[in-house]
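First, one chain by itself: the form predicted on its own, in structure tokens.
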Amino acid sequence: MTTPRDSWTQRHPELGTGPVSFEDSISPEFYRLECDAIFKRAWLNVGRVEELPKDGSYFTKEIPPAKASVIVTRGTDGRTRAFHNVCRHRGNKLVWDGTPRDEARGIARQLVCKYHGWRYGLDGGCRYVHQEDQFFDLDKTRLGLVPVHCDTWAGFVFVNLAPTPPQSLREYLGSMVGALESYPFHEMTECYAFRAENRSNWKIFMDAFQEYYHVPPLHTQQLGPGRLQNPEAEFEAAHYQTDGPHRMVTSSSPAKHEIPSKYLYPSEVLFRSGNLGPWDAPDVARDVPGVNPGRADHWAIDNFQIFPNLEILIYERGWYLAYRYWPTSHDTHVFEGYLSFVPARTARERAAREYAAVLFKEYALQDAGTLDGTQMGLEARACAEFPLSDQEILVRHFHKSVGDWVDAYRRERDTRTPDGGAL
């Protein structure tokens, strides 16, 4: 038996060190349970406040695992609210563009149902009923849009679909994630958005960003001098941390001036940009509370993974990435990626940001290219369990957290009486 030096995993005995089953990523039954246990109960990020630039702004967000659609609004009082995207008349989906399955955004004084013309204020109140005198004992004050719990943190808009969330948003985020609240996310308003539909369980793609053990074989251009194009090179993260169901990992990288141009793409030198972002980025990331909590040397990226499906990657070069993963079935999901920069001041700065977005797609495609193979291999059920290295501690922690939420839901469900009360 061997034990890794200075093991991260063994600092968390509750995680164990044995092989792990990934049945939770291939079981339709488990998928149905996690939809109820997690996505109908956890705080979910659906956008940012910049998407609500003025009073009257709104956007919609589809939440497939909960079979829900929400409208997020900024009322005339400046307050951010969320509602189920359902008309109170006949249950029609209220706000959509193109087709009812398409998300929408805009500015309006009121929200109007396309089916029968009922109207609602940005505060959710029912404002108008077509041919109101044709109804029986109608009370518009009781027919407002159904509210959804909504709160913001550091400009990120979260909703919770539970009737009564067991924790406030800040309690839920905890101290590790909460420490980032003063990070200048609000300054980074130049955004590049990407969306992809993938044929794998949502957790399989999340697993790809929880460890850097895969970097030498898959991302050889990322390793730096002396290790480039060497799939046997070693690359280890500098710091791992967990807090409740949330996780983070810090990676280091050679400084840009330490990498000779012969090891870079010619286009990287031309645009002064790369997979870590523009070389001439503003210095807004250092010494912000919560960033680089392990005080790693040559800090490059912090990847904060907020349970269940949000990742925020903070880069030393003064920008950030946000990922969201929305399950659509036990073996499909939608991936969303958002790159956010301090707005460019010159054409060169704009080109550097756009080039970073292009490289992001390249590296994301490298990771996404393994998804079908992983899903297919797991579904073969040739193996019941799989060993994880010490560097895959966050994979272990993530799947245990998912299992813990599902187990708690099962226990609660099994103790309910037929009328919905507790035994």
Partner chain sequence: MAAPLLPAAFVDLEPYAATWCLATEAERWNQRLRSSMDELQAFYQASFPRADDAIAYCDRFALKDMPDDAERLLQLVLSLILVSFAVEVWRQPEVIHRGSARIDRTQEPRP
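Just so it is clear, the structure is predicted and the values come from calculations on it, not from any experiment. Positions refer to the first chain, counted from 1.
We do not show the form predicted in complex with the partner chain, though everything after this point is about it.
Only one of 344 to 352, 240 to 248, 292 to 300, 69 to 77 lies within 4.5 Å of the partner chain in the predicted complex by heavy atoms, and it is 344 to 352. The listed set Asp55, Glu379, Glu385, Asp372 contains one residue whose heavy atoms approach the partner chain in the predicted complex to within 4.5 Å, identified as Asp372. Residue in contact with the partner chain in the predicted complex (any heavy atom within 4.5 Å), chosen from Phe194, Tyr128, Phe135, Trp279: Phe194. In the predicted complex, Cys35 stays away from the partner chain, with no heavy atom inside 4.5 Å. Shown alone here, Ala42 lies farther than 4.5 Å from the partner chain in the predicted complex, counting heavy atoms only.
When the partner chain is considered in the predicted complex, Gln366 lines it closely, a heavy atom lying within 4.5 Å. In the predicted complex, at least one heavy atom of Phe271 sits within 4.5 Å of the partner chain.
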